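Single chain ahead, by itself, as structure tokens, in the form predicted alone.
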Amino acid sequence: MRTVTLTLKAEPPVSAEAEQLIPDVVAGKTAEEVRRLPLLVGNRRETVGDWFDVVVDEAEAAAPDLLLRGDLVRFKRLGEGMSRGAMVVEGRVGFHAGARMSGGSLTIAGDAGDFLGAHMAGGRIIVRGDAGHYVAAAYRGEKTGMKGGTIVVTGSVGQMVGARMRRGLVYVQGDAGDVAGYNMKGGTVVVGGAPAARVGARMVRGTVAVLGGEPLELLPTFSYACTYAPTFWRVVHHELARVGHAPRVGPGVTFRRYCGDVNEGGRGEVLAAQPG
């Protein structure tokens, strides 16, 4: 197995478009070929070698296909469109990380910017820090966001996590900003802490599960339905445990179920975990 390691030489003065930095592109390339890959830094066309030291070597089976080292907060679109392989970033990343992924795994050992996993269709993203607004969401003007895969954020996230998502699983171990699950059409968003106001606004379908309990600041277009132990939660709990991030509440936890948004048909649900 070969690992491509990129170590940042210096932080660029402006944002850089780095969609070329995915396992799909670097696989099979020599160090010199990787150095020649293009980067758009501001409005200037530069290369990977201008900003990174590049090493390609044989690695043990557990090593990633692509390893990036440094504070990459000014590098946008890292992991965008990747379909295979394993990518690890040892530092912060900018906007759009893992956007439009369809396979593989992206691990970020730091904070992530806005639009993490936007329009994701498959694969797995693990963020060992906080993430910005619009995690798993749709870009402006688009009707559907995340369509598959799993995203885990071990910290907190900003506004509109899961906005317009269709399928997939998002687990935020910390808190979430306003309007979590906005206009969801399917899929599951799990918030380990507490969400802010207007959870599930304009939900069509899907589930927002809040493990931090109540009180929830729900819109009047949601109504209490029942208290129960949903079978699907066992499946979700098993999947999160499988990727090494089992929720703090067990698979048999009881939830209070609220249905809404009635303005969109009332087929979505917000679940609030109950103590005990």
Partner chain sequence: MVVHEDVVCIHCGCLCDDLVVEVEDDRITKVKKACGIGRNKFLHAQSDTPVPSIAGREVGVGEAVAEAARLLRQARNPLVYGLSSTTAEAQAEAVELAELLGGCLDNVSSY
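All values reported here derive from a predicted model rather than from experimental measurement. Numbering follows the first chain given and starts at 1.
A second form of this protein, the form predicted in complex with its partner chain, is not displayed here; the remarks below concern that form.
Counting only non-hydrogen atoms, which stretch in 206-214, 37-45, 63-71, 232-240 is within 4.5 Å of its partner chain in the model of the complex?
Only one stretch passes the 4.5 Å heavy-atom test: 37-45.
Could you confirm whether Ala10 comes within 4.5 Å of its partner chain in the model of the complex, counting heavy atoms only?
The answer is no: Ala10 has no heavy atom within 4.5 Å of its partner chain.
Applying a 4.5 Å heavy atom distance criterion, does Trp51 contact its partner chain in the model of the complex?
Yes, Trp51 is a contact residue.
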